[in-house]
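Below you will find one chain, with nothing else, as structure tokens; this is the form predicted alone, and questions on how it binds or moves follow later.
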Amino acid sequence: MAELHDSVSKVPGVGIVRAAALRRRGIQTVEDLLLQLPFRYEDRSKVSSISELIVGESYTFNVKVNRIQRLGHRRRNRVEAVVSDETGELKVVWFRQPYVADAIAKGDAVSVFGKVVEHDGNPQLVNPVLERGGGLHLGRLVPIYRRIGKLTPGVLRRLIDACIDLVGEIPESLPDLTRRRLQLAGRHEALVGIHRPASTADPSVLNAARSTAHQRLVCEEFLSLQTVLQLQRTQEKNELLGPVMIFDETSVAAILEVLPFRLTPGQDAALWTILSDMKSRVPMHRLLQGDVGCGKTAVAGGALLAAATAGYQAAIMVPTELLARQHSRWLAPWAASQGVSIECLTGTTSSGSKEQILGGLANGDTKILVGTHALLEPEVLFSKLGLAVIDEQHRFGVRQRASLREKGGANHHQCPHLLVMTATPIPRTLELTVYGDLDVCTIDDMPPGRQPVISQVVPATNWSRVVEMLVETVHRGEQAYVVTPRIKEGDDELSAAVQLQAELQRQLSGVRIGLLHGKQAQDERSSTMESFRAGQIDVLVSTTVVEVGVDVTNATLMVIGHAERFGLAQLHQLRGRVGRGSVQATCVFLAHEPLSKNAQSRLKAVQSTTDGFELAETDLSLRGPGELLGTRQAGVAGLRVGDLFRDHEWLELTCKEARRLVVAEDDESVEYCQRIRRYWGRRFAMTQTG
């Protein structure tokens, strides 16, 4: 017998080489191997007669070997056999499996399973599964596993089946009250049911991972993740102190009075939620989300100024230098009205200016710092950092987020409040898991006067119509963006900004056309953007450097070249660069045939709605959670059983149960939480060491 935590090398059939191959995939224990679930099931229980076969279908046959021989050599080797039952004969071929000729002989009774194909006008079986009399691989509902290195599905089936016998009764891992509350099957019953499905099981239910056995393991995994997130939050609340900021409605009203516009109800509610957090001794850990153009920056600006007027320093980190300079320029007059000093720090800040900024941070004179990744450099130290804001959360990793919080000053027990923002709305299914360590608030309205952007998918062959739209836009005194995927033309047909600018200059006589891309010097980029903002450029040809945060209210037309190459979230972000004023705006998605089904689905979705939350759910269904999460969730997204989209109904249930468990005082709940903390500690350590 073996324990679940025993080394995988204890499993019969796992030697040094196989154990190493399994460990490379993170399978170190007996339990890890048992949690390698089948990705599908194949019904091999029904035995057919040779006379019943149809080319293209898969069958199990019980047959006698009439002839068998090994042919060819090296990579061209094959084993050919002729088998028969009472109804006829059938040719069988195994390529590059010479051992088959040693395993069976003429006259043997065997079972084979495979797909019937046609060769030279006759049916034959190619590389079928072979077994004597049925059992593990035939004659039942068979689990199919993904290959691990050189370990084939058949080998894994034998090893995992041996695991079940080796362990015997698989111990329960959930508290009894939790299992009863969530109405879950036992762990032993679930694992055995998945690896050794009953003959009465419905293959379609198993393949959809909707069986009671699958649901038990999905819930177990989600609960583990939710519990460790809740434990982290509880530990933070107990061990770290947040800066208690003192401000009242009058002082906040004075800050907001300077704005040239009134906050929307959604912005106002979000700001007061954040300010309420900042008054607490518990460090704020909040995510502010909202659709493109809803005014998250205004809310963040209010929070930054409130922190500064309460006697603390505040910092906001953004992903691009262009956005950092825009934020700094926008916040400067607002900050000046409150007597608050503000600086901007980026990778291209001169050494003299940087030295001056660092001095101001260290002595507390600089109250607000706007910057890029440059804020994370070791020499950037604050005297009294009270609030850290991260804009475009999905562009930064979790370690970068932590690094910014660690710059709080001399008091190491005090942790700055943290606000992260994203204009890529997060589906509820992801919000409950990967952002479970953050409190979420949402701006669900838009500034008054905004009109939904008209979205059109236009074939690339209709470029002349796009040129007409550009001319019409400029004649109305408005401006346009034309976004291309590349800077210069390569070997394929992708649009290129440099060539497109030259082409448009020929086609649009008298129109002022600018060029913006990431390989330009920062001064050139800033100058171009300033000229566009000032109305000195009519049409800006750009790469996706304008995707995030760029705000020019007179721009009313966005043309996206090769739109089929962009993701749904990126298309929505680019569209959000126009329609930021009261004038009707249009976005043209220029599509190049042929379009894949996925590209057609993306373009259809982005044309049908401007609701970023609806598009986020569509994006999740099209791409799956793994792609959406990106590097921020490395380790967390590595779910072995559950699927965030397919199994979303379990997320809220396990979130609520996790909250119960971390505050419960009964022995089972306490032991469970301690075990989960150790498990995720080991798992995190493994990701750190590669």
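Fair warning: this is a prediction, and the values are worked out from it, not measured in the lab. Numbering starts at 1 and runs along the sequence shown.
Heads up, the form predicted together with adenosine-5'-diphosphate isn't pictured, but that's what we're talking about next.
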query: Contact test in the model of the complex: Ala563 vs adenosine-5'-diphosphate, heavy atoms, 4.5 Å; finding: no
query: Heavy atom of Arg450 within 4.5 Å of adenosine-5'-diphosphate in the model of the complex; finding: yes
query: Contact flag, Ala307 vs adenosine-5'-diphosphate in the model of the complex, heavy atom cut 4.5 Å; finding: no
query: 4.5 Å heavy atom contact, Lys150 to adenosine-5'-diphosphate in the model of the complex; finding: no
query: Options 380 to 388, 78 to 86, 288 to 296, 332 to 340; stretch whose heavy atom lies within 4.5 Å of adenosine-5'-diphosphate in the model of the complex; finding: 288 to 296
query: Phe261, Thr264 and Asp551 each touching adenosine-5'-diphosphate in the model of the complex (heavy atom, 4.5 Å); finding: yes
query: Heavy atom within 4.5 Å of adenosine-5'-diphosphate in the model of the complex - the one residue of Arg325, Arg580, Arg575, Arg187 that qualifies; finding: Arg580
